[in-house]
Structures are given as C-alpha cells and as structure tokens.
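Take a look at the structure tokens below, where one protein chain is shown in two forms, each on its own, as structure 1 and structure 2.
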Structure 1
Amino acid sequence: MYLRSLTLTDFRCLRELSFEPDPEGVTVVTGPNGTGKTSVLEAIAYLATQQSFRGVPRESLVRVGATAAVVRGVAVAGERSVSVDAEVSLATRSRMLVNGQPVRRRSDLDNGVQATVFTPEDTEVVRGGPAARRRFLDDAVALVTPVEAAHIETVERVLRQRAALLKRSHGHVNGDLATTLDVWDQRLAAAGTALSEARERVLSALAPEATETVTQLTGSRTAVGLTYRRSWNGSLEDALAAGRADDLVRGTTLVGPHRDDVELTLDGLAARTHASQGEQRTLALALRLATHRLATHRLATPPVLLLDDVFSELDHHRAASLLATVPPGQTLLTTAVPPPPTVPVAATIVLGQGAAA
C-alpha cells in the first residue's frame, strides 16, 4: 500500500498543504522547527487510526483561528484506489469517510490507509509505565490483525459503562445494580479475554522480529524478550467477581486488559531498568520496525512507514542499518537537518513560512 496524495486544510499549524509522496521510496519532510513536519505525519496517521499519535483531543488538531481541520488522502493497494476524508470540527461532530462511506468504528478503517508510526516519544514504551506499552501493543494488534480491533473498542466501551455504574453506586450494591454489573462483567470478561489473547499472539510473533531488528541496528546479536503479564489469574469473569467489593469502594475496575503489562528484556535483563538510554531508544525503534515487518508479512503489502525525527540520535552507520531493516515500500520521514548521505531520498517536501504554514 502507498499514499498517492495528501491534502491538508487548517490542520495544526498548516493552513494549506497538498503533495504526492514518492510511492515506493523515501520522502523527506523538512523545514525549520515549528513549521509542521510532525503534523504532516500526524495527519496521515489520523487517516489510518482516527486518533492523534500525540495523545491529544481531536480539537487540538484544528488550526488556531479556524473552525475545522480537513485531511484528504488517496491510497493505492494493488489495483485498488481508496479515498479517505476526515473532518475535525469545533462546531459539529467530527467525521471520516472511506470511499464515501462513514466510519463508525476503527475496524471500518481496515480497507483504508494503513500506517506504522515511530516518534521520539516511543521510548516511553520501554522506560515509561504500562499504559504506553498497552497502547503500543493495541496499535500492533489493530495493524497486524485488523479484525481484532473490535475487541479494543468493546473493552473501552464496557469499561466506561462499568465505571459510570460503579461511581453511581457510591460503594453500595443493590439487586438491580448487581444484576446490571453481572451483565457488564460478562461482556468485559468475553472481550477482555479475547483482547489479551490477541495481544499475546501478536507479542509472540513480534519477539523474533524484534530480536532480528535490534541485531541489525546494532550489529551485535541481542535477544529481545517480550512477556505479557495479565492482571488476573484464572478466568477474568471470576477475577471480576472476586474484586467487585474493591471496585465498588474505589469506583473503578481494578483487573482486566486495561491493567495488563508487557515485560521487555534485552539479553535477559529488564530494559526499563538495565538498558542505557541509547539501548532503550534502539529497542523502541526496533519494536515499531518489527511491527511494520510483521504487518508486511501478514497483509502481503507494507503499510506506509512514518518516521518522526528518527535520525536525531543515530550516527550514519545506524541510519544506514535502519533503512536496511525496512521492507520495500513507501516511507515518509521528518528532519530539521539534511538526512545522512546514506538515506536514498526519492522526494523532498520543504515546509516554511509560505502557503504551507
């Protein structure tokens, strides 16, 4: 798959921008800081996920002074052309269309733009808290096995409903509330177990890819360990029943896939506590590239690869090694300085203070 064209209107700091990335090579998006380089990648990723990889509310995507942001992309997969149109409005409900059909859930994006994103903040997957690792893993599940994305949405919806019910109870349960909680527990147990199993399958497939990628990036054989840690033992339905009293007191759900974690190791040592900053960054990059490679194998076509400021801490050797690990396909990368000479640049988009800013 590749992105044939992208048009932005009032997205972030970009008033108007339209361009055609190189379909098979590396397109460099460059310009001074503050001109919207990362925002270009964010717009493409939004078409793929209906979310900002910066973790901000959708309203933040609208340029200051504007009332709506519009992103239009045309993607090509084989002989099939797909148009994806998104509008983020401050006054009305935001919307997204794939080939003119409204997107109601993330799984509706399966036939649209597919993308893998690496940003400098990805080091939080290694050194941060469990939430960053869960977000990474859910991104991988949705990309590698799109049908499983439905479990992510179901779990999020059930958790919101269950939390509202727990808070409304004020720590006390009666017959009607207990019956309603039983229903939500059953739904959470089914969707939560399915999601955790999907995460475990993807994680198991990622481990050898991540080991190979780290080894290629560093030139030294390094074993990457990825172990999924559930927040419960036995069945999730039993765990929810056993923890209901605590949930009622605290007004939140204390066990489930939203509390799970991933243990990351390098040669058997915990990467979060024993790896250097450079090793953590390399591992974070390797995890995204491994996901990209796994998705390429599973989907028989590479997603669009988006690399934000990836060369800021890589020497020329590792920059060359990075590109050698990437399957053939379309890549867009941002940089404020000229890319290393080892980067085979196919096209360049220069942002500045003109029409694009």
Structure 2
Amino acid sequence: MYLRSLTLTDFRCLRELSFEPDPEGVTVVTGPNGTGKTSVLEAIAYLATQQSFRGVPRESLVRVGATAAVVRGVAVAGERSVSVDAEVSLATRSRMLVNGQPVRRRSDLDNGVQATVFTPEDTEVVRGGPAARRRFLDDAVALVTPVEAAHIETVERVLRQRAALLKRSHGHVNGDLATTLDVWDQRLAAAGTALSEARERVLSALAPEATETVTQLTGSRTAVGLTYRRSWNGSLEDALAAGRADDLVRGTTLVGPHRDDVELTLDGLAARTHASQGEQRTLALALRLATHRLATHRLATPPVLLLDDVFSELDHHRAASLLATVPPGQTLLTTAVPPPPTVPVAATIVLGQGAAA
C-alpha cells in the first residue's frame, strides 16, 4: 500500500503541513534541526498504530498552545483508497476514523496505513537490555502474526494480577492463597508459553531474512544468529511452581516471557559485546528490514517504510546498499544532511519555513 496524501494540523511543532509523498519511490524529508522531520514520520506511524513510536503519551503530540492535533491520510492499496483520520485532543478523548467510521479495535486499522519504522533508537535492540529486544520481538509478532498479539496483553495483565497477589501475601501462604496462585499460574503458563512460542516462530522466520539483509548492506556474507533464551526450562507451570518461594519473597514473578531474551550473533560472535558500533547499527537496521519483508509477505503489499535519520547511522556505501536492499515500495526518510548522490530521490519535502516545498 502507499500513502497518497498526508495532512497535519498542530502536530508536534508543525502548525500546518500537507503533502503527497511519491507513491513508490523515496521521499526525502529534510530541513534544519528542530523543524519536525521526525514528527512527520511519527504522524504516519500514528495512523498505523495509534501510538507514538517515541513511547510518549499521546498528549505530547499536540502542538504547544493548541488544543488538538489532527492527522489525515489517504492510503491506497490496489484500486482501493481508504481515508484514515486521527485526532488527539487535550480536552476530549482521542479518536480515529477509517473511512469516516470510528475505529473500535486494532484490526479495524488493517485496511488503513501500515508502516515499518526504523529510528536511531533501534540500535538499543542490539546494544541495550533485554527489554528492548522483547519490545522489538513483540512488535514483530503483532505485525507478522496478529492473532498471537493477544497473548502480549494477557501476559501483562496476569503479571499485574499475580504481583498484586504476591504483595498482598506478605510472604505467607495459606491454602486459599496457594489455590488462587495456582489459578493465575495456570493462566500465565498458557499465555506465556504461547507468547514465547510465537516469538520463537517469528525469530526463526527473521533469521534468514536478517542474514540476507546484512549481507547485502555490508557486501560480505555475514551470518546473523537469533537465538531465543527462555527464562525457564521445561514447562512454565512447573517453573512457576518451583520459583514460587522466591517470587513470594521478592513480590514479583521471576520466570516467564517477561524475563526472556534474544541472543544476537554476527558470524557466531555476540553482537552486543563483539560488534563495532557500525555493525550494531547495521544489524539493528537489518532486523527492522527483515520484519518489513515478513510483513510485506503477509500483507501481500509492502508497508510504508519510515527511516528516521538513517544517513547519520550509515556510511555512504551502506546507505546506497540500504536502498537497493529494501523491497520496492513507498519509503520516507528524514535527513539533516544531503542524502548520498546514489540515493534515487523521487520527491523532497523541505521543512523549516512552516510549509512544505
């Protein structure tokens, strides 16, 4: 699918912006720092997910001094065009309309805008703690196997309920509490095992794609290893039972999908400790692009590819390979510096004068 037009009103620092990105090529969003380049990508991603990819509350999307931010987009897939309108209001509830109809659940957005986002913060997936890798993986699960995404929320809710129960117990277990804990453990074991299995399936689909992408980006054959590390052995229900005494003392659940991790390797060496910064960035980008390919496969049409500040992350050679690597489809990228001459720019949006060029 592609985004035919985008209109922003009072979104972040952008008072008013309206433009039509190139349908199938690269649209470059440029301008000095602080003019809202990333905000343009953030707005498109908001139409896709109803969330900011910067992980901030919705209210911060509203321009300071304004009362509501509005994002309007028209998505085109095949012969079908779908309007997606989002309003983030400080006074009333935020709302979202697809073809004028209110969005009630996540799948209502399926016919609208789909997007893959890469930002400089993605390097955390390689360099940072396990939470960043779990978040990346859960994004990928939601994108590639949306049915499994329900487990993500179930696990979070059971963990909150279980934590409340553990804290309430003050470390003492009577028969009643033990039975209640059993019941929550059963829920956690079912949803947790399903989530870990979904993540493992996505990882094994991602690995060959990531290997291919890294190889194309670097120009030399590099094997990407993605190994899921569960925080338990055997059945999760048994592990929860075995860890119960510890959990009661600590007031939190110590095993489960929320403690799992992914080991990333490049040619067998741990990327977190052995790869250079450049290699880590390349791997992070390759992981996103691999998800993009899987999503393209599932949707039978590429999502809009949003690349934030990608040239500051890569040298010219890799930047050029990057655009040769991505599957054909609409791409929007931001840059403060002129893009390398090898990049086939189809359209340019210059920010900074408060209007689009």
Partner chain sequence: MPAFSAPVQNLVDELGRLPGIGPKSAQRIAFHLLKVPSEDALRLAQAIVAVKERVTFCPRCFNVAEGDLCIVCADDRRDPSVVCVVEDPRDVVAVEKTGGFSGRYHVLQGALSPIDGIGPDQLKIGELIARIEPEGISEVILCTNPNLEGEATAAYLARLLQPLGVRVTRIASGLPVGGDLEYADEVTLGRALEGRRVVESAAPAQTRPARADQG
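Small disclaimer: the values here were computed from a predicted structure and weren't measured. Under this definition, the rigid core comprises the largest set of C-alpha atoms superposing within 1.5 Å between the forms. Numbering for residues begins at 1 and runs along the sequence of structure 1.
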task = May I ask which of the two structures is the form predicted in complex with the partner chain?
result = 2
key: Exceeds or equals 2 Å, Cα of residue 83 between the two structures, core fit   = no
key: C-alpha of residue 74 off by 2 Å or more between the two structures on rigid core   = no
query = When the two forms are laid on each other by their rigid core, does residue 168 show a Cα shift of 2 Å or more between the two structures?
reply = yes
key: between the two structures, how far the Cα of residue 148 shifts once the core is aligned, in Å   = 3.3
Angstrom shift of the Cα atom of residue 247 between the two structures (superposition on rigid core) = 5.0
